[in-house]
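Just one chain follows, in the form predicted on its own, and it is written as structure tokens.
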């Protein structure tokens, strides 16, 4: 079901009486990156996805967004749908949003699933890369930026064996409003570091990383997992930065096992 919450485009699947999982997608994608998870998990859970402001079907507005305002959107969804301690699941930029949401209001969640993400903020090199991307987009080269960035998100083998699907993802991402894409880049460059809070996280946490992830490689994610006392760490073989997309069955099984073990 499609809803509008505070101008945000939100999608729900499954029975609302069941335990809720809120999915927060990565950059520069949209809610459809979670399709394989929704198709499977909505059989036993109430699944909520949404397009982050400025991407997909959610409005761009003035493009002045922050990770903090993205967290506000997550909170508004929880409040508007009257969700009782949902599980929060985020990938990459969605993970940045999720980590900050947990730091800010951990008591609103029963568990967290962090896919291919990290708690550290951009260092100077990372901020310069964001600035270069914005410059590239301002020069009218959104499509070339998207093609290069999205290619780097996938494992090489996946692109070779799933070329049609890969092209669909690239082409869908190219349709985003450039203002929305730049807004997300600025939000990520300006995000706070949530590493210090990691050791304070008390809710059960599942950390999932693609074996071939070049953006947040297993070493970085393993370090984050070691900081979170109540965490499980899973490496997904033959997957890059988009493990839920590249290896949906393995990721779904890891999520279901985690939820079952924690009686969620």
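Since the structure is predicted, the reported quantities are computational estimates derived from the model, not experimental observations. Numbering follows the first chain given and starts at 1.
The form predicted together with D-malate exists for this protein as well; it is not shown, and the discussion that follows is about that form.
Original post:
From the list 188, 142, 78, 169, which entry has a heavy atom within 4.5 Å of D-malate in the predicted complex?
Top reply: None of the others qualify; the residue that does is 188.
Original post:
Among the candidate residues 60, 220, 215, 32, which is the single one with a non-hydrogen atom no more than 4.5 Å from D-malate in the predicted complex?
Top reply: Of the candidates 60, 220, 215, 32, 215 is the one lying within 4.5 Å of D-malate in the predicted complex.
Original post:
Among 158 to 166, 93 to 101, 174 to 182, 79 to 87, which stretch has residues whose heavy atoms lie within 4.5 Å of D-malate in the predicted complex?
Top reply: Result of the contact check: 93 to 101.
Original post:
Even though D-malate is not shown here, does it sit in the predicted complex so that 204, 233 and 256 each have a heavy atom within 4.5 Å?
Top reply: Spot residues vs D-malate: no contact at all.
**OP:** Evaluate residue 27 for contact with D-malate in the predicted complex, applying a 4.5 angstroms cut-off between non-hydrogen atoms, and reply yes or no.
**Re:** Yes.
Original post:
Quick one: does residue 108 come within 4.5 Å of D-malate in the predicted complex, counting heavy atoms only?
Top reply: It does not: once D-malate is placed as it appears in the predicted complex, residue 108 has no heavy atom within 4.5 Å of it.
Subject >> Contact set, 126 to 159 vs D-malate in the predicted complex - heavy atom within 4.5 angstroms >> reply: 130, 149, in sequence order.
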